[in-house]
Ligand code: 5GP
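Quick setup: one chain, the form predicted alone, written in structure tokens, and binding and motion questions come after.
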């Protein structure tokens, strides 16, 4: 098996390859950690004189478009032929913030069959094992933190500038929910401090991510909290179910539902918060939990999903009414977790 944490072996390979061509990709509908880690690594490679390109499987929210070098990202769904040419010609493919090729949709099959060396940098449970080289641990707060580790391993911390620092700080601050998740460690805080010293401006990054939404999104959040929030007291669970018609009514675009699932956990006594959204291709689900409730296990067991222990996702091809019913029935089997 090559799938150990053998990331150090990449350094001599990169140095030995003449003008290496690097592709960086991340999971579909990337969040701030996915895009921030990708652009942080991309900018680092540029400073090293390495030809790199970020290819996203899909679009992403407008609230991420402030990130340095974001304009260089190629959306696979818009530029499929160009993306496939880049993948076919790559010497290395860095796969960030996902643990299975299905997380990059159609692009996954092409990455799988590419002759390029594949590098996984991720912090999700149970990596699939498609990679040749790996920097993986569930003890990192974010993939952005792992990118800092990678740059440190390459002995290049001195190359981190304001652009790289801003991207990585954004990934860390969002994946830790502003440093409140249990995955936040003393190391996380030390890295965040170093990124601030390198030029990241925490107030500007916070404003760009959290204070930069549309009026439609703000009204949609209000509607969901006032009209759609269900409190299932017998299970200490909060549930929001959003239909396709409601998405259309508020003109919801990619990124507008970001963070909605977290509101449920802010209610006293709630241990499990769930968002079910009726997307065109499938019913998408977000799970957030507190303490010892295994959101990832629940997602994997019932909704073809997975993720972190307290933050996971899932999906279903069933009608949204059936998904809601199945979810409520599944809660019964976890009642002891939720009520103790």
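Positions refer to the first chain, counted from 1. Quick caveat: nothing in here was measured; it's all calculated off a predicted structure.
In what follows, reference is made to the form predicted in complex with the named molecule, a form of this protein that is not presented.
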Check residue 124 for me: does it contact the named molecule in the predicted bound form (non-hydrogen atoms, 4.5 angstroms)?
yes
The named molecule contact in the predicted bound form: residue 308, any heavy atom under 4.5 Å:
yes
Contact of residue 103 with the named molecule in the predicted bound form (heavy atom, 4.5 Å)
yes
Just to confirm, residue 30 within 4.5 Å of the named molecule in the predicted bound form by heavy atoms?
no
As a check of understanding, the residue in 55, 276, 312, 64 with any heavy atom within 4.5 Å of the named molecule in the predicted bound form should be identified as 312
